[in-house]
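Just one chain follows, in the form predicted on its own, and it is written as structure tokens.
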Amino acid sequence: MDEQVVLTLYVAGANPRSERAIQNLRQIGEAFFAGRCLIQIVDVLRRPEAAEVARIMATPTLVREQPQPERRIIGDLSDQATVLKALSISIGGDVL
């Protein structure tokens, strides 16, 4: 996959679960995307309208916005293999 991956992580405030999800997402971005990943963090407590528009029902929720189709995963993203598989992201030609 050579196109840019756009990931948006929706969190609810600065709590341990949100911080863990942010850290795990950044590690995944650095390890697997080498500059091909745009990561956006949205705090739904500060931007509730963004959560409503994106239909976010739980946090943290990670949304792969690009490439289409959209994919979502809920949780702190601690299991990298599960995150990559849930988002249907291919690494080295293999879809995980």
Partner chain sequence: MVVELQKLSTGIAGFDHVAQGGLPFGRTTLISGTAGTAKTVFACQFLAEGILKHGETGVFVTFEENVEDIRANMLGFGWDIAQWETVGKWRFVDASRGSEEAVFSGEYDLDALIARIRHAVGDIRAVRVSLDSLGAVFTMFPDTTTIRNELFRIASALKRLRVTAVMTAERSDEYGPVARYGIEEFVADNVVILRNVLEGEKRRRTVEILKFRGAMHRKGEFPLTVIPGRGIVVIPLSALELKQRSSSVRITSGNDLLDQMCGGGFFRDSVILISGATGTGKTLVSTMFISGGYANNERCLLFAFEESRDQLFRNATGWGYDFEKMEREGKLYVHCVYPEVAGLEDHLIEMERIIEEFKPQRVAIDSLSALERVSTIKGFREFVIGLTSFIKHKEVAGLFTATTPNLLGGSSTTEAHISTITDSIILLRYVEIYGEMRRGLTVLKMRGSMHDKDIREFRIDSSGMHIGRPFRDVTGILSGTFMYVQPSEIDRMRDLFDGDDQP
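Numbering follows the first chain given and starts at 1. Everything numeric here is computed off the predicted structure, so don't read it as measured data.
Heads up, the form predicted in complex with its partner chain isn't pictured, but that's what we're talking about next.
Within 4.5 Å of its partner chain in the predicted bound form, a heavy atom is found for none of Ile22, Leu25 and Pro67. Of the heavy atoms in Leu77, some are within 4.5 Å of its partner chain in the predicted bound form. Among heavy atoms of Thr82, some come within 4.5 Å of its partner chain in the predicted bound form.
Its partner chain in the predicted bound form comes within 4.5 Å of no heavy atom belonging to Glu30. Using a 4.5 angstroms limit between non-hydrogen atoms, Ile41 is distant from its partner chain in the predicted bound form. Although its partner chain is not shown here, in the predicted bound form the stretch 50-79 places heavy atoms of Ala51, Glu52, Arg55, Ile56, Met57, Ala58, Thr59, Pro60, Glu70, Arg72, Ile73, Ile74, Gly75, Asp76, Leu77, Ser78, Asp79 within 4.5 Å of it, in sequence order.
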